[in-house]
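As structure tokens, one chain now follows by itself in the form predicted on its own.
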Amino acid sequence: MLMISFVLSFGLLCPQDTITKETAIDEVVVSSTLGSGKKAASKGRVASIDEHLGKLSKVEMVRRGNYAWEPVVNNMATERVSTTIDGMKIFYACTDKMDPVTSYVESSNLQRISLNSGLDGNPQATGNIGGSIDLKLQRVGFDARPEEYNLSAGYESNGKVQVYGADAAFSSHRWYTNFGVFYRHADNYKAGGNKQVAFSQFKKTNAFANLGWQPADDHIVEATVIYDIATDIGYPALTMDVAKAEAVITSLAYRREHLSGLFHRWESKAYYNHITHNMDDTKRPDVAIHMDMPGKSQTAGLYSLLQGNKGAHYFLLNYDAYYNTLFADMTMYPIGGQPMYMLTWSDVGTLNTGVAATDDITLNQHHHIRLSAKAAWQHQRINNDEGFQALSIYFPGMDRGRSRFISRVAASYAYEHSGWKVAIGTGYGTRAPSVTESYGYFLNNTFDQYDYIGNPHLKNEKAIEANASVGFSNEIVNIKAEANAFFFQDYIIGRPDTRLSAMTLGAAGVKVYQNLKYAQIVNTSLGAEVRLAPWLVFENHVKYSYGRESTQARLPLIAPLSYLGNLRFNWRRLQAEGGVRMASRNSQCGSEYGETPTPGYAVWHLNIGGQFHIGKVITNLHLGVENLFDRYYSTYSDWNHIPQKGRNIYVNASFTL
């Protein structure tokens, strides 16, 4: 059978299979079987990647519309989070972050999402102060079922969302392939109280193919191609929409299994991806100055990963390199005037290469140590003459390119005995400024209504992390308390420069990215699951975070106190869930950075699903309702307080043959 299930796995050592051993603090697993202890997804195979990410305990989602939400890890956004697809580095092509990397994968091609919290990143991660996310693609593998076919369909009443998918898989001892296509369509949705949210529609098609060939036992060649295109995407929180977002993602890998000696597995992969993103405002009424804002991102890279073990040690050694170029420009068409042209990303090239190592040490069945480190060299250069000259006006004498050294190191200790799990860890890391932070040119931020200019003289941002957790579990209760704290030096954020004049109509002024002396972010959470009966589980999760910088101002987009409670019912092949999601008023917000308070809220949901066998066809059906009482509300991470969906009834089905 084929259905989606979620696993929240905690701890430091999480073996994934008999060949590889992977450390992950949180995971969402998309599985081909429904095993014990797994939580069925309420929307089955049609659930979006955004909905999967929202199941991770340290992840929040920034919404600028109904499509392509930006994942935030430990209350840190894209600049401080490394996101990869099967280890491949991919960079968004929109200066407004309207196309996060996660928007280019669909559930039908997803095996699992691995999240490493904080500085203990996955081997290919770089600059991951907040954490790293890796989207692992689904591959049928060798010697699986000779053939399998899947169909999926879903409908949501709010916004008339339609989802259709089809995929197939074929496997033998020497070959395998799985491929498919997924389509989503949504009209404008309605917030609570039947209030329509204009410009929240979208259309999206995702097609993929994975191919494996084993010319000889333990010698494996694998290839992947993903084509993703989204059109007519509305962004109600912004002043512009997107006519088209298009991505081509390709990779070719060689893997050798069951090596002898110190290392038992070797994998090398080369990849290339090309993303284009075209913003436009042609469908917006009362536009003072029409603008076209296309962007382009191209990345070529490779990595080579060795896995081995000796005695109590299980270790990874990874080398990776990539070269990325980002180009974005803007053409303004004033009424009765000549078009005006400006480069916002001046064809900036980034070359990055680094070496990472991890060592998981099992002292005995109770004591575990994990060590990880990465060192990388990075060089950035403005390739466009016009863009270099424009930025040089504000930074006379600036160099066209700059090289940096970035690194991270982390260590953790875990103790497990008689149902108790205690862990402590620490780390230190640096990150280079992003292209926007270094070389962005008059980028308007609708969150605080400022134009932003990059600063090529920025120092590397530095951070120290400390984390701790304690948990207890038995057949009746599973409880865990955890906290982490990040202490920054040279924290990078935009600050007003009153000497400069804004270019965007209505902008409050201009901000230039600067290094602040220090900042801190603290995250705490308490989770508990109580098994009231063999078929009934009561789940609770409370989180609170805090962020402040050296001027004593609160940092923006820090989650307020929140609570999640669910009552889950499982009986044979039937699963049901009812629960509430609550948050307090976000009054302690980053007002100096344009953030305003959001009221508290409580939103209820119900769902039921089951699996049925009709001949040789395995059928999974799901029915549910979100925002049961049609509450009008916004969360702290809804850009410019765009409201969430009101009552939404959904139904979906998947069929496997």
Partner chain sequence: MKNKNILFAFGLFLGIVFSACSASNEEVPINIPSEDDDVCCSQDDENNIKLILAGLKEVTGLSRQSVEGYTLKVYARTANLYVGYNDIYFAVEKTESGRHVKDFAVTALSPLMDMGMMKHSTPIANQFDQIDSYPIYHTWVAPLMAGEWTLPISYRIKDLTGTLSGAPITIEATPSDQVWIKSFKWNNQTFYLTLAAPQELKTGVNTISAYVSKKSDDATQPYLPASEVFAIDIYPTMPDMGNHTSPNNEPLLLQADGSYQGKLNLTMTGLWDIHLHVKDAEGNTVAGGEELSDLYLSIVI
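Positions refer to the first chain, counted from 1. Predicted model only: the values in this text are computed from it and were never measured.
Keep in mind that the form predicted together with its partner chain is missing from the display, and what follows is about it.
Undergrad: I have Met342, Tyr394 and Ser501 flagged as a candidate spot, so tell me whether each of them has a non-hydrogen atom within 4.5 Å of its partner chain in the predicted bound form.
TA: Verified in the predicted bound form; spot residues all in contact, yes.
Undergrad: From the list Glu386, Asp359, Asp280, Asp490, which entry has a heavy atom within 4.5 Å of its partner chain in the predicted bound form?
TA: Answer to the contact question: Glu386.
Undergrad: Find the only residue in Met332, Ile220, Leu443, Ala410 having a heavy atom within 4.5 Å of its partner chain in the predicted bound form.
TA: The residue from Met332, Ile220, Leu443, Ala410 that makes the contact is Met332.
Undergrad: Does its partner chain get within 4.5 angstroms of any non-hydrogen atom of Gln365 in the predicted bound form?
TA: Flag for Gln365 set to no.
Undergrad: Please determine whether Leu532 contacts its partner chain in the predicted bound form, using a 4.5 Å cut-off between heavy atoms.
TA: Flag for Leu532 set to no.
Undergrad: Look up in the predicted bound form whether Gln196 has a non-hydrogen atom within 4.5 angstroms of its partner chain, and give yes or no.
TA: No.
Undergrad: Just checking whether Ile476 would be counted as a contact of its partner chain in the predicted bound form - the rule being heavy atoms within 4.5 angstroms.
TA: Answer no; every heavy atom of Ile476 is more than 4.5 Å from its partner chain in the predicted bound form.
Undergrad: Pick the stretch from 334-342, 88-96, 165-173, 515-523 whose residues have a heavy atom within 4.5 Å of its partner chain in the predicted bound form.
TA: Contact-bearing stretch, as computed: 334-342.
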